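Okay, here we've got a single chain as structure tokens, the form predicted on its own, with questions on binding and movement later.
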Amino acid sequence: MEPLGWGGIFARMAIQFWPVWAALIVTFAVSIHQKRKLGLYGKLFDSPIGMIGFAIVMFWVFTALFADLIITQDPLVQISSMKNKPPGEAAPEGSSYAYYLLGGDNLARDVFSRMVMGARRVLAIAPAATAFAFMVGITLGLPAGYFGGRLDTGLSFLANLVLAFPVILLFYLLVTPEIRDTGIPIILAAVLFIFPVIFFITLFNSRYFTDPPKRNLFIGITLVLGLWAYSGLAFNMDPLGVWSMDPNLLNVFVAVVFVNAPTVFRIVRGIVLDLRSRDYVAAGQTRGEGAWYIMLWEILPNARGPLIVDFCLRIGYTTILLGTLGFFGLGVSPESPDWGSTINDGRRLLSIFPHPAVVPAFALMSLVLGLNLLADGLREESLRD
């Protein structure tokens, strides 16, 4: 078969992405129709910048979800005749798809399929690790800003101590294979991964303190599910095998949480220092509400705008950091299709065969751009509240 031209390549890629287009159409149609009932998320659709950013981000989210339907070849399979082949080259007889739409890399793997699967790898780590970092930062930042005093001084000192290290150097130290033998990643995981459990227990206890049956139900569910996930993620001891992390993934995940949590802590602390003097906080104190109720149910909801914006931006920063780690060969695994590793594989022959490096670099750039535009849209709408 003759190689495809660029028109044919883009047409076939558009067809391969049909589940993504369908999901985007449904998401936008439902969201725009119900936007007045969806709070800040619904207001996002009044912002052109926010809509563009949301569309780009959701494109990659749906790509990750439907990756198995989109890929044209196995991203790990090597076919020697396809080594460094240009985009649109016909695949050998017996392949699962007639073409290598974006060519082959230096190990004769399909660039298009690796780009698609790379989205799943990146989006499986960055949002979850950022969410854990926010749980740590919020759980410590709220009391530090609200109570002040020695608690604030001690926690701020620890946060500043972590932030004093250069980020890339700290990441490099935390994800090197040698550090696994020291047990430090497991110790950090044991400390950091317990914070979501603490957060939700405190949240439900403060909300339903006067309704013991409901409080005990929610706390019981949190303890069962939380400690089940905690045992698997931190110690790989889940008897059912639902929650687990291989050592490389644990290193990367812990590094992301450890590096991002102090920054989130400082943001939350600063917001609380400003909001704790507001009238609704004084009113809550007058009514006799507990300190944690005021922090979690009075102050935190009013801080949601800046925190949501920062969450989106931080996922973008984490995506870049994951790409940097993969580029340095410190990703999840050597054969992983994550974008950083793929860029590193392709850079060696960049002047001769640019496509293996350019394709994942463009994917990484577009996701981060989408997150930044989404954050700008959310910031714009949150300021109107």
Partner chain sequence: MTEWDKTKPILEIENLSISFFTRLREIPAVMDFSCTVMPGEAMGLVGESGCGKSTVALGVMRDLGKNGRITGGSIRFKGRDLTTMSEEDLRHLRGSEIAMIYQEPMASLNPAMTIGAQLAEVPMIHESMSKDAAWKLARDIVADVRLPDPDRILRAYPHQLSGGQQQRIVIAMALMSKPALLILDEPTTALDVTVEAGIVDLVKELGEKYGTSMLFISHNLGLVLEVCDRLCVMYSGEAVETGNVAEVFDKMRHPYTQALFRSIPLPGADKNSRPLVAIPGNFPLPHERPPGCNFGPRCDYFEAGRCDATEIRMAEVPGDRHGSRCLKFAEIDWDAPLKAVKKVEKTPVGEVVLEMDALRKYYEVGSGKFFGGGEAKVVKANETLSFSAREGETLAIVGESGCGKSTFAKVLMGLETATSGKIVMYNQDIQDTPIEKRSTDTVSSVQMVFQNPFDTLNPSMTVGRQIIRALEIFGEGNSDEERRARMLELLDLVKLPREFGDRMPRQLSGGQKQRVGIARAFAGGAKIVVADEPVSALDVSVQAAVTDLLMEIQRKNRTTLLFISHDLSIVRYLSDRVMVMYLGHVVELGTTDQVFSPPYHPYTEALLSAVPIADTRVTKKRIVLEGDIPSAMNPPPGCPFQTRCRWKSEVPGGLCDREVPPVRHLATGHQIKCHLPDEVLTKMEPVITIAAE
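Under this definition, the rigid core comprises the largest set of C-alpha atoms superposing within 1.5 Å between the forms. Numbering follows the first chain given and starts at 1. Being a predicted model, the structure only gives us computed values, none of them experimental.
What comes next is about the form predicted in complex with the partner chain, which is not displayed.
- Only one segment in the set 101-109, 291-299, 190-198, 80-88 has any non-hydrogen atom within 4.5 angstroms of the partner chain in the predicted bound form, and it is 291-299.
- When the partner chain is considered in the predicted bound form, only one residue from 151, 237, 282, 224 comes within 4.5 Å through any heavy atom, namely 282.
- The closest non-hydrogen atom of residue 209 lies within 4.5 Å of the partner chain in the predicted bound form.
- Within this chain, residue 68 is remote from the site of the partner chain in the predicted bound form, having no heavy atom within 4.5 Å.
- Mapping the unseen interface onto this chain, residue 37 falls outside it, with no heavy atom inside 4.5 Å of the partner chain in the predicted bound form.
- With the core held fixed, the Cα of residue 286 is displaced between this form and the one not shown by 2 Å or more.
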